[in-house]
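Only one chain is given next, in structure tokens, and it is the form predicted on its own.
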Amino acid sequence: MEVIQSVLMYTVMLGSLYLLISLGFSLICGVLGIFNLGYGITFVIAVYGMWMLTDAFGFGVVPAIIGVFILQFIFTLGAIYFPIVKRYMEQEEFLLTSLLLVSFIVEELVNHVYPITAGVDIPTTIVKGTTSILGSTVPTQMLFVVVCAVVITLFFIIFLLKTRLGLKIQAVSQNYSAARLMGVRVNRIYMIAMLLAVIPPTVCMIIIAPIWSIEPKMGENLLQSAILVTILGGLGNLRGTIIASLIVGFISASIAFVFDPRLVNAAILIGVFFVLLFKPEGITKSEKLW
């Protein structure tokens, strides 16, 4: 019973973590119809941008958080959307290669300024200590991951289903040509989608950075997680991403508690592989954003 309780508890926490990691990537897949291989750098900028603003520039926590989001938006538009995505949407091979190269370049620059051996100290701990829930003792900070995942997911759902701009985003994701003929400014929708996509991973990293293993190349592993969850859920379908996040969270928790934590990544890959064998499109229809 203790193991079952622990698995359930960590399924929710890890599922929330995977959801924040993959929600932005899924949105880009659904709206732009591309694999943003530069998505992993979002996590790196969130952590090291926060560290730079607080440590080197002496910002307080709140100004630093605002500054990180501004930095993310500037980088997304100035280094990703306008010079690469907007210009080369029709040249998929060059687009994907360029996004990956930008990611590698930023990783190397960050690693030069903040080597792996440097200790990262991000002052974003909201509540210190641990909390006991269902027989499991977890860092209290991790509980805020669950709260943030719920809040951000609800925001995305309400925004996409209830607002005029959200309906336009859905229209573009379903039929690019028809949306353009109906007067939707597609390039503007693309830009907004890419800006929205940086919100979940940035919030995620700000919260978990104080209790997480941080290094300049962490974006590669987190990108892999985002890709696996998005593929499992159905490319670009946010509802599928939510379900897939909980499934991957359950696999991670089950393997970690019942077998060996070192087998978690292998178990996730095998699980996704077998699902796709029988349902290649993923859990939900990939042609729908919701």
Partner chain sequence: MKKCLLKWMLVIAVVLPLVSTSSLSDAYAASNDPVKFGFIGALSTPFGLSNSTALKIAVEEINEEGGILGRPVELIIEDSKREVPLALAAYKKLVMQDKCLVVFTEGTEGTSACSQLGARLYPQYPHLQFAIWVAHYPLFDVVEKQYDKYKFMFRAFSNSSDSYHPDLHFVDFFKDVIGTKKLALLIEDAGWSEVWRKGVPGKFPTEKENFEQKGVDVVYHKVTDIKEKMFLPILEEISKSGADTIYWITAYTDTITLTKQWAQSPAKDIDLVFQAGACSYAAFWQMTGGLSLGVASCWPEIAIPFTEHSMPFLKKMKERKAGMMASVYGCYDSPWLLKVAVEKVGNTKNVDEIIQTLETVENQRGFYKLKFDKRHEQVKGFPYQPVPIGQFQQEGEYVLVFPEELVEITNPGREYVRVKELRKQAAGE
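Since this is a predicted model, take the numbers as computed values, not measurements. Residue numbers count along the first chain shown, from 1.
The discussion below concerns the form predicted in complex with the partner chain, not included here.
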{"property": "Heavy atom distance at most 4.5 Å to the partner chain in the predicted bound form, all of S98, V110 and I199", "result": "no"}
{"property": "Region of this chain that lies against the partner chain in the predicted bound form, out of 234-242, 260-268, 33-41, 62-70 [heavy atom, 4.5 Å]", "result": "260-268"}
{"property": "Heavy atom of T76 within 4.5 Å of the partner chain in the predicted bound form", "result": "no"}
{"property": "Residue contact check: P210 to the partner chain in the predicted bound form, 4.5 Å heavy atom", "result": "yes"}
{"property": "Non-hydrogen atom contact L14 with the partner chain in the predicted bound form at 4.5 angstroms", "result": "yes"}
{"property": "4.5 Å heavy atom contact, L53 and the partner chain in the predicted bound form", "result": "no"}
{"property": "I189, V106, V120, L143 - the one with a heavy atom within 4.5 Å of the partner chain in the predicted bound form", "result": "V120"}
{"property": "Selected contact from A256, I247, L228, I45, since only one has a non-hydrogen atom within 4.5 angstroms of the partner chain in the predicted bound form", "result": "A256"}
